[in-house]
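Starting off, we have a lone chain in the form predicted on its own, written out as structure tokens.
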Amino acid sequence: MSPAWRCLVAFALLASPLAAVSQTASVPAFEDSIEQRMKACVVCHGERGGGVANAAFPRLAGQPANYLAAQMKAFRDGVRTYAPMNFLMARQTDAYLDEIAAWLAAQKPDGGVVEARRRFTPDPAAMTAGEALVRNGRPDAGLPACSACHGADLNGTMPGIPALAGMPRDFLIEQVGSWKTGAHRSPEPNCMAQIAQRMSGADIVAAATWLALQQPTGLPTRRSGPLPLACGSE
């Protein structure tokens, strides 16, 4: 069919009420719910934000709502930069982002994600070093344990410190690396930037390797004591 004929047919369809009715009748009604809208996030973040095993995209399910809302607003406002997220968040209101965050916070992580990663045997030395950093830190270097802020079970703490258990290894490396280089901007005092400066590349890889293989076991808990470093959002 020539371009001219295609234009003519398209015009006829647009102009015909019967064609419009026929087209409308064949499309199922859209379920306008938060759960339905969040299906757009599945490709990167897994079903209900539960995570994916073989990509660097973070899981969102079960993270503190305040943390999720703050990150989405940072993407919207250009404080945090990742082009697809900046585009998706650009026209969203605070109220809608708070609604999304509350829904994701109430979802459960997908336990199969970590189990799939465990099929691959990591370097035992990196695992040992990573667990030591996460559990104990390195006090002589002013490096606190990850668990001191993110919770003993690493499921995050309320109101806004994220879970680390089961997060993708490459995502964790990228995040800490971006704090180390200054690319990641957080409210001052920027405690994670201070911590990242005290970690070597080997430290970052070891901690991320161990954390990626830890199964999330619950929801974030509310903090009962001070943080080891002053942090802008806490």
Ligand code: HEC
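Quick caveat: nothing in here was measured; it's all calculated off a predicted structure. One-based numbering along the sequence shown.
Although not depicted, the form predicted together with this ligand is the subject of the following passage.
With this ligand left out of view, which of 61, 205, 68, 165 would have a heavy atom within 4.5 Å of it in the predicted bound form? Of 61, 205, 68, 165, the residue with a heavy atom within 4.5 Å of this ligand in the predicted bound form is 68.
At 4.5 Å between heavy atoms, is residue 48 in contact with this ligand in the predicted bound form? So residue 48 does not count as contacting this ligand.
Mark residue 80 yes when one of its heavy atoms lies within 4.5 Å of a heavy atom of this ligand in the predicted bound form, and no otherwise. Yes.
Residue-level question: is residue 89 within 4.5 Å of this ligand in the predicted bound form, judged on heavy atoms? Contact with this ligand, yes.
Can you check whether residue 132 is within 4.5 Å of this ligand in the predicted bound form, heavy atom basis? It does not: once this ligand is placed as it appears in the predicted bound form, residue 132 has no heavy atom within 4.5 Å of it.
Taking 40, 100 and 191 as a possible spot, do all three reach this ligand in the predicted bound form with a heavy atom inside 4.5 Å? Judged in the predicted bound form, 40, 100 and 191 all sit within 4.5 Å of this ligand.
Only counting heavy atoms and a 4.5 Å limit, does any residue of 164-182 reach this ligand in the predicted bound form, and if so which ones? In sequence order, 164, 167, 171, 172, 174, 175, 176, 179 come within 4.5 Å of the partner.
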